[in-house]
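Take a look at this single chain in structure tokens; it is the form predicted alone.
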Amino acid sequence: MTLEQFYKGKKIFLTGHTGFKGSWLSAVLTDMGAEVKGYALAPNTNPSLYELLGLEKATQSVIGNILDADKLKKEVLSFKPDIVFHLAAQPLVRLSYKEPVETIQTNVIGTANLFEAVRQTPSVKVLINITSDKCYENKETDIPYKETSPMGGYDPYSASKGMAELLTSCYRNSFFNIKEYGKSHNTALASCRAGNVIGGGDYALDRIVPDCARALSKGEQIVLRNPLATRPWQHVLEPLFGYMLLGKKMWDNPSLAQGWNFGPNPSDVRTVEDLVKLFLKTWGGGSYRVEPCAKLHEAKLLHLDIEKAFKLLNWRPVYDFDKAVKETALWYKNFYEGADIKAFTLKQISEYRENYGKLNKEID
């Protein structure tokens, strides 16, 4: 059974559906024929990918805060979803220094609120909490982090994601224990940690790809804070298809309710400067300068070990670093040149699905 066949007709509750990754996931799921209900704050960027893709018409959309436990529970209960993907979060490291308490509340208490709502909703068979590669205690060595590596977090954002992982483990042991599956509950709970996700439609502040697109669209130089920092870059569709594959497999095999890494191949862990140079080449011009800023700590080195997903899920990345950056740059170039960006986005999804199917025939 292909992913499309599995998700067609499934009822999916998606938190954070108005954000960057949430918008892409909403577009993929609705394109596959799933019934999607989203719960999130209103889009907080202009432009907004969610609005550019017309997703307010394609999904059931509830504008709400995951800290509003009563409203969240009401929406989950009334929808009776089959699968829940939790993406709602405060996702920015630098903003977390300015708003540490708000970041922790959203990323930890908000997650607990969703778990409690799901506990009271018997229809949910699969619950997947999306955290971050930054949940690990990052010692900034060349050793990639495995799913069994210690949780940590230097900055408030990273710490909040480590906390969210500990919370997930707590609920999986205490309330969604696999030994009690089919007895006291029917929900399998997993968590997913993705690498640095890039792709069209991200307009958040203090992220290198949106910074590149904004600067180039105005004929300005791109400003780099940490040009030699390395990251596990991957196109946004890579982890999303990983999450969906995990959800499909957990449906029949709840023992897969564990923590999972979805990142690029080791050769695609590259520097910020590498990304910017390729972005400029694809764009067809432009320049950058290095301008170190205030000394807020940001990790300079981060690698993920994806062997577990490769062996147990038979998942593997489809696009290499060059392809991921090129597809991303082409999205923004088309947007600023006035192309039909919804059609272009759906074309990118279709092309990725075709490549995914060729590479992962045995998965489906």
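In case it trips you up, residue 1 is the first one in the sequence shown, and so on. Since the model is a prediction, treat every value here as computed from it, not as a measurement.
FYI, the form predicted in complex with a small molecule isn't displayed, but the following is about it.
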property: Stretch in contact, per heavy atom within 4.5 angstroms of the small molecule in the model of the complex, of 219-227, 182-190, 148-156, 87-95; result: 87-95
property: Interface membership of residue 65, the small molecule in the model of the complex, 4.5 Å heavy atom rule; result: yes
property: The small molecule contact in the model of the complex: residue 117, any heavy atom under 4.5 Å; result: no
property: Contact flag, residue 131 vs the small molecule in the model of the complex, heavy atom cut 4.5 Å; result: yes
property: 4.5 angstroms heavy atom contact with the small molecule in the model of the complex for residue 207; result: yes
property: Whether 19, 106 and 197 all lie within 4.5 angstroms of the small molecule in the model of the complex by heavy atom; result: yes
property: 53, 40, 329, 28 - the one with a heavy atom within 4.5 Å of the small molecule in the model of the complex; result: 40
